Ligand code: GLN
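Quick heads-up: it's one chain on its own, the form predicted alone, in structure tokens.
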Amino acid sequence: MATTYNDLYLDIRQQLINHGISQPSLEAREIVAYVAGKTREQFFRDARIYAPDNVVQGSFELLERRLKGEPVAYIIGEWEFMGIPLDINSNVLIPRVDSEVLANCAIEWVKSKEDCRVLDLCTGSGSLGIAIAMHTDVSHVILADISPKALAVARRNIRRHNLSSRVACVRTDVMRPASISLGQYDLIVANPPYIPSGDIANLDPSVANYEPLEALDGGDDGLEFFRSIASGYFHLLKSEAALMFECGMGQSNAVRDILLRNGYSEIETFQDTLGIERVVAGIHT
């Protein structure tokens, strides 16, 4: 029986809903568009056109993988962040809407300055630093991570968006004090691992079984990376420069205290759309 792209999308969406997937509309669209080789715009344009049998079959094959737990971003090798398509694989976390709070705070900070040097720690795919670069005219962004495999993904995303003249990668271990050779910065952003080690096993299987553990595990209390970055990168910040963290639910007060103990001032928190304090920022004075 002939099936339009829209009917195929609705069938897959319904199965995702039945299995409790949190973003069924988005994921169904991504699956069908990927198998059909269409952009999102082409998918909507062709919604009433009949889908070839191989597209129908291929879409349901990918749906089966998704229902077994594999994230769509890893299945199709791409995900959007702040409207920017990014290469994604299992060596990096999948960018999430939660992180747009940090990205927007950073973008507003950069826009308020005449010129900025930005350091994005624990960068993974490079989503934060690349979003900052693409939404501002900042001329220097460094994407830093300990994982060579993550940096390989970040480099692909730099090339994908023609940012090589403004954005570069460096390997660094944020659990060690930063080398002064990294330079001085007006803004450091970090979305570090912040899940307490004991909570990892309780995460959704699509996270715990597929996303890189080293990008999730924040130590016994989930705060190890915050402490290390706040103390070990303080000397890389210029006077009146900012450090901005993304943190997990219920962690903002502890992160605020970490910043205060390490000499930061003017501490601010910023909420996500659910009212969770998702970003904590402090100033180097």
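Keep in mind the model is a prediction, meaning the values are calculated, not measured. In case it trips you up, residue 1 is the first one in the sequence shown, and so on.
A second form of this protein, the form predicted in complex with the named molecule, is not displayed here; the remarks below concern that form.
Engineer: Among 212-220, 234-242, 51-59, 254-262, which stretch has residues whose heavy atoms lie within 4.5 Å of the named molecule in the predicted complex?
Structural biologist: Only one stretch passes the 4.5 Å heavy-atom test: 212-220.
Engineer: I'd like to check something about I195: if you look in the predicted complex, is any of its heavy atoms closer than or equal to 4.5 Å to a heavy atom of the named molecule?
Structural biologist: It does: once the named molecule is placed as it appears in the predicted complex, I195 has a heavy atom within 4.5 Å of it.
Engineer: Please run the contact check for N157 against the named molecule in the predicted complex: heavy atoms, 4.5 angstroms, yes or no?
Structural biologist: No, N157 stays farther than 4.5 Å from the named molecule in the predicted complex.
Engineer: Examine N191 and determine whether its closest non-hydrogen atom to the named molecule in the predicted complex is within 4.5 angstroms.
Structural biologist: The answer is yes: N191 has a heavy atom within 4.5 Å of the named molecule.
Engineer: Although the named molecule is absent from this view, report whether V207 comes within 4.5 Å of it in the predicted complex, heavy atoms only.
Structural biologist: Yes.
Engineer: Report the residue, out of L93, I75, V174, V110, that has at least one non-hydrogen atom within 4.5 angstroms of the named molecule in the predicted complex.
Structural biologist: Result of the distance check: L93.
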